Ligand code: HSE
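Only one chain is given next, in structure tokens, and it is the form predicted alone.
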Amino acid sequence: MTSQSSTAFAPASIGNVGVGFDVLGLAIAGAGDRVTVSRSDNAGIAITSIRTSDGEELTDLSRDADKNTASIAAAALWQAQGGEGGLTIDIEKGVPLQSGMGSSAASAVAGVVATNALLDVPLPTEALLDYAIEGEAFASGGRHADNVAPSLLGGLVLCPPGLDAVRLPTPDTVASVLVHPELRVNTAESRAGLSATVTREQWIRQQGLLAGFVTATFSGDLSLMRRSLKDLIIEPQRAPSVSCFESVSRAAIEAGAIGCSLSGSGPSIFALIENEQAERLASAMVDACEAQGIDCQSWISPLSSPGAALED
């Protein structure tokens, strides 16, 4: 018998991973969104609740099913696959809003994974990516998969437009450290403010850094990874909007980080480092952020953190 209700959890993510604007993403552990989708006798899609992980009602997000990433993604899948009847959706937000942690993507991914379980013939996980992107596109103003792909598939994912998303191998000796300052950056507005042109030299250098970083993930060459994990184009444009970025990134590099950059459009900041130094790095980054008078949270994750999953 087909299920009447299903719940899915989707993790937060690091967009761009510094070196790969719109084409590289990394799942993180410990933060994510939970979405419950239930069959309904009423036609259409309806959002019945949006709450925080603490159970508090969240009023910052729309309950209009045409204006929420979870419901947009769920509706795209349900309608495309001929789902019968309507759906109700309950959203539990564990990812801070406008955080640079893939908040809209996590909701979209959890929404499609939960909806997929209600289909008579569920699709394979990889086939859900395009539907999740439908939701993410509404929030971010662009069809890019660097948050939805790692949230769905887990790990470090290369996801260039027009090509299949590929989960890359990663060295198990390296962890990510993510620090979220209590600030907000609107992704759509941040994207709209980016320069539409780059010089040929900038493009060549950035392409080389991306190739070097991807090569390092396959080979485990941490020296190459350290030399490659740099953003010459996007970070300089976005960093001024995150007041603590300069001090936090400086503290990360001084603490031995392989590299440090904004997560997505910010304000969250991530760094990569060898596992045994991760706790010390997280402390250094948090201290630098708080020294600027800004409260923050931090997460430490393996590069192989899992993607979205159904819950009982």
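Predicted model, so just to flag it, every value in this text is computed and none were measured. Counting begins at 1, following the sequence as shown.
The same protein has a further form, the form predicted in complex with ligand HSE, not shown here; the description that follows concerns it.
- Among the residues R227, R205, R191, R184, the one placing a heavy atom within 4.5 Å of ligand HSE in the model of the complex is R191.
- Only one segment in the set 197-205, 212-220, 139-147, 152-160 has residues whose heavy atoms sit within 4.5 Å of ligand HSE in the model of the complex; it is 139-147.
- Although the partner is absent here, F9 lies well away from ligand HSE in the model of the complex, with no heavy atom inside 4.5 Å.
- Though the partner is left out of this view, S268 does not reach within 4.5 Å of ligand HSE in the model of the complex, counting heavy atoms only.
- The closest heavy atom approach of F21 to ligand HSE in the model of the complex falls within 4.5 Å.
- For the chain shown alone, G264 is a contact residue for ligand HSE in the model of the complex, at least one non-hydrogen atom being within 4.5 angstroms.
- Of the residues in 215-254, only R238 comes within 4.5 Å of ligand HSE in the model of the complex through at least one heavy atom.
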